[in-house]
Structures are given as C-alpha cells and as structure tokens.
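Shown here is one chain on its own, the form predicted on its own, set out as structure tokens.
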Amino acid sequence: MSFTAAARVFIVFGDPVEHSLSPVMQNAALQAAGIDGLYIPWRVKPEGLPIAFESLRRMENFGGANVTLPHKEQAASLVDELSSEAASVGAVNTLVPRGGHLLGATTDGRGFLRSLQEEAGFVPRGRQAVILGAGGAARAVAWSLAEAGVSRLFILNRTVERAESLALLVSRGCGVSAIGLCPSDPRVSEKLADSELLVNATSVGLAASDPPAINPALLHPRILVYDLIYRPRETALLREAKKRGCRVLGGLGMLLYQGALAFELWTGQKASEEAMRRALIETLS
C-alpha cells in the first residue's frame, strides 16, 4: 500500500475499534482503484464524538468515514444532512463530505439484505423474524427486513423501552407488525418457535468469553441464525446454533457489501469487491 502527503484520509469511528476489519478491506479497495488515500481507525468515546465530527468539517483532505458501535445513533444527530434511508432508520454508518458539511448515510440495511439473499438464499417476504438488540445496526436491519416484506418482526432488547420504540418506528414507517420484548419475556420462546430468521445485532460475541446472545435451547433447526459479528467468525451463538441443526451465517458478507456501498458514496467509483474479500479472508486466516 502506498500513498502521498496529499492522500485523502478515510476513517472508521468506534469504541472499541481495534476489532474492525474495515481498514483492511477499504485500503485494499483504494489500492485496487488507484486512489491516493488511506483508511485508518479512530477510537473515540461517545462524549468525544461531536468534537471528532467537527474536526472533519475543517479537514481539507477528508475523504469519508464509517461509524460503528456504539456511535451510529448519536452520529445521526451530529451530521448536517441525512440521506432519506438514514433519516428513516435514525442511524448512520457512513459519512460523506459535502463542501465542509457532513452527509450521514446508512449502507448497513442494503448490505445485510444482499448478504442474506446471496449467501443464504433467504428471501424475507412473508416470513417471521427476530432481532436481538435495538441499537444502530438493529435499526438498519429491522427497517430493511420490514421493507423487504417480513410478515412479523420481534425485537428483543434488555431495555424493553428501546425495543418497543424501534418496533413502533418500523410499524409506523413500513406498516409491518412489530413488537418489542425483553429477552426474559415468557412469550419469546413462542415467537422464536414460529420464526425462520434470528439476527444478533448486539455486541455480545465480540469477546471470546462471551456467552451466546440468547439461550440456545430456544433455537430450532428451521431457523437461520445470522450473527452480524464477523470477528470471531464463529461466535458462541453460531457454534451453539450449529449444534442444534440451524443454518448459520456470520457478518463478513454484510461487512463487505456495506463497505462497498460506502466506498461508492465516497469516490463515485465501484469498489473492487474481489480485492476487498481477498484482503478480509487473508487477514482472518
């Protein structure tokens, strides 16, 4: 990888951020496209995010940024303009410079749906799904599934008020039946038994010592278990799901596809998905 002193700088914001593979794949995409640029991680606490964003507005060689946990919802309130999808979802994972202003967009939902359909052959229309979490990633996933025509959506979150708020957003915005529940609610077992898709959109699983994000005894072989976490490639949830005969899918495909969409927003060019995928696999192996 090579760049000059005039290179455009691309960033991923998160806390933590050291687990992120976005620098690996985006630097591969920049090199494949022949763009003089560098993509770097920037760990920042939530209270420091407003100052970090303000610095971008004054950065002449700022090329664009990604936003990962736990900043996606906060980022939506810190930009100057929101894409229509980001405004609907209330979360941002991509920042695009616009002459000293910041456009907030989200590519998570489209990246998730593409991965779901291409890697698992799963078409959401008419099917029931359960989402674990109610943060920025969960909001994008819930909205994308609702727009893709799921029949019913159940959102489980430790803070049930956040789950109910997201369910209400999806119900009003997309006309899909959505309910927010606490994971300990006795109705969860019944809802999972009737569902064909379970998505973990929490951070539970990032650490090797983390337990499964939900009680594995509730899983059944007819359900596809999708964990948005991509590092480690097999979380405790996916491992336990496989033991119970479930189809499983990790978050590497979503990472790739949402990243390619972000690259296009920043540069106006199609990203080399082949180069990005190769960089990801080489790093993980």
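Note that residue numbering follows the sequence shown and begins at 1. Keep in mind that this is a model prediction, so the values were computed, not measured.
One more form of this protein should be noted, the form predicted together with a small molecule, which is absent from this view; the next part is about it.
Peer 1: Do residue 63 and the small molecule come within 4.5 Å of each other in the model of the complex, heavy atoms counted?
Peer 2: Looking in the model of the complex, residue contacts with the small molecule do not include residue 63, since no heavy atom lies within 4.5 Å.
Peer 1: Given that the partner is absent here, does residue 19 sit within 4.5 Å of the small molecule in the model of the complex, heavy atoms only?
Peer 2: Yes - in the model of the complex, heavy atoms of residue 19 and the small molecule come within 4.5 Å of each other.
Peer 1: Given that the partner is absent here, does residue 158 sit within 4.5 Å of the small molecule in the model of the complex, heavy atoms only?
Peer 2: Output for residue 158 is yes: heavy atoms within 4.5 Å of the small molecule.
Peer 1: Would you check, heavy atoms only and a 4.5 Å threshold, whether residue 134 touches the small molecule in the model of the complex?
Peer 2: Because a heavy atom of residue 134 falls inside 4.5 Å of the small molecule in the model of the complex, the answer is yes.
Peer 1: Counting any non-hydrogen atom inside 4.5 Å, which residue from 188, 78, 204, 179 sits next to the small molecule in the model of the complex?
Peer 2: Exactly one residue meets the criterion: 204.
Peer 1: Answer with one of 147, 119, 164, 73: the residue that has a non-hydrogen atom within 4.5 Å of the small molecule in the model of the complex.
Peer 2: Among 147, 119, 164, 73, a heavy atom within 4.5 Å of the small molecule in the model of the complex occurs only for 73.
Peer 1: Can you pick the stretch from 217-225, 255-263, 46-54, 29-37 whose heavy atoms fall within 4.5 Å of the small molecule in the model of the complex?
Peer 2: Heavy atoms within 4.5 Å of the small molecule in the model of the complex occur in 255-263.
Peer 1: Taking 24, 41 and 280 as a possible spot, do all three reach the small molecule in the model of the complex with a heavy atom inside 4.5 Å?
Peer 2: Not a single listed residue reaches the small molecule in the model of the complex, so no.
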